[in-house]
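A single chain, nothing else alongside it, follows as structure tokens in the form predicted alone.
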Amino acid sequence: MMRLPRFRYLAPTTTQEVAEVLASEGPDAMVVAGGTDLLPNMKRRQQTPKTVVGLKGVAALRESQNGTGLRLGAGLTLTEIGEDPRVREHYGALHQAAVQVASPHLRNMATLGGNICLDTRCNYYDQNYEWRKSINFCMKKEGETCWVAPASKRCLAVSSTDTAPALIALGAKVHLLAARESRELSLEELYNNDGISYLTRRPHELLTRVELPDATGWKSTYWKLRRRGSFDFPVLGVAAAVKFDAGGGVADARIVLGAVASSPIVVSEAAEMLVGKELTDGVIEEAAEKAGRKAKPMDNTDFVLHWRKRVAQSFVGYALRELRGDDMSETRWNTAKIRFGD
């Protein structure tokens, strides 16, 4: 049985109190909301904070507000996000991403902020302490070598968040609070393509909320590949958002790939070529091919990496066809039951 290491637990009730604790404790403190990622990591000794700061009593983190867009507190559970009619109607990609995370029990606990800040994953890292010790650990924790690519100078652990690609495609921003300052940045700017330093959020900063812009004219979707139709982390995520003009052409577009690198990958070239065109079969095929070139998965998650790269192109095509108005329900059902490629 894996047990939690010893730690001190604090339960502040305001965001400012949390920020002050993080400022005083420094890197030795970590926040916990649902605990679906941090607590298993602590049992495996991947993360060993001396102080754990509980966020369940911070009511401000569970607030949501309408405006020109939508403000979502980082403490809202993924179940609450998935059941929010405003999210379902106007921000389809986020709705689909939220309802596909893990299982109902975990979505009832897991939070939006937790999924955004989800630790990167790797077959060599997501093992118990004794297993990792037997291979002399890895670069991400206590070792010096990235066992995925031993010559690599950086960790290649994979970003496995579902909501981040969707939120980036939707043009979301996040608010980070510190004891004496706060800042806002686009969600894309929150990530580094590095398996260890995968967030630009500083240890003393608290992610408090997500700001979604006005979605008028936009349609969005999210497609996820995993071995089982539920529970599993993504081995590929595709988020796409398209704004249509009055004539049915594409006025603006965003395409984001998840789970193929240490951060979500924004595929600007594929999105830009859609602008000013209608989503014909030929245009969709060309955009999907361009997007597929940016997918460079490594052999540190499920399925054969070369097959995953080919599927990335297919999934971008599925997403764009769905945004065009095609009925993709049968394709969605079939992809949820994938058992091949390995």
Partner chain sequence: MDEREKQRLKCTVNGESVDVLFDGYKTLLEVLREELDLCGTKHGCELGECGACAVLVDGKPVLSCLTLALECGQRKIETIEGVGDAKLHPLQAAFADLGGSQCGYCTPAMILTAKELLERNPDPSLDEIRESLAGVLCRCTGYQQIFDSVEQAAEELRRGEKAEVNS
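Quick caveat: nothing in here was measured; it's all calculated off a predicted structure. Residue numbers count along the first chain shown, from 1.
Another form, the form predicted together with its partner chain, is not on view; read the next lines as being about it.
Partner proximity in the predicted bound form, defined as non-hydrogen atoms within 4.5 angstroms of its partner chain, places exactly one of 104-112, 162-170, 215-223, 253-261 at the interface: 104-112. Within this chain, P40 lines the site of its partner chain in the predicted bound form, having a heavy atom no more than 4.5 Å away. Its partner chain is not shown here, and in the predicted bound form it never comes within 4.5 Å of any heavy atom of M273.
Residue contact check for G35: one or more of its heavy atoms lie within 4.5 Å of its partner chain in the predicted bound form. Interface membership of P27, defined by any non-hydrogen atom within 4.5 Å of its partner chain in the predicted bound form, is ruled out. Residues M1, M2, R3, L4, P5, R6, F7, R8, Y9 of 1-26 are found to place at least one heavy atom within 4.5 Å of its partner chain in the predicted bound form.
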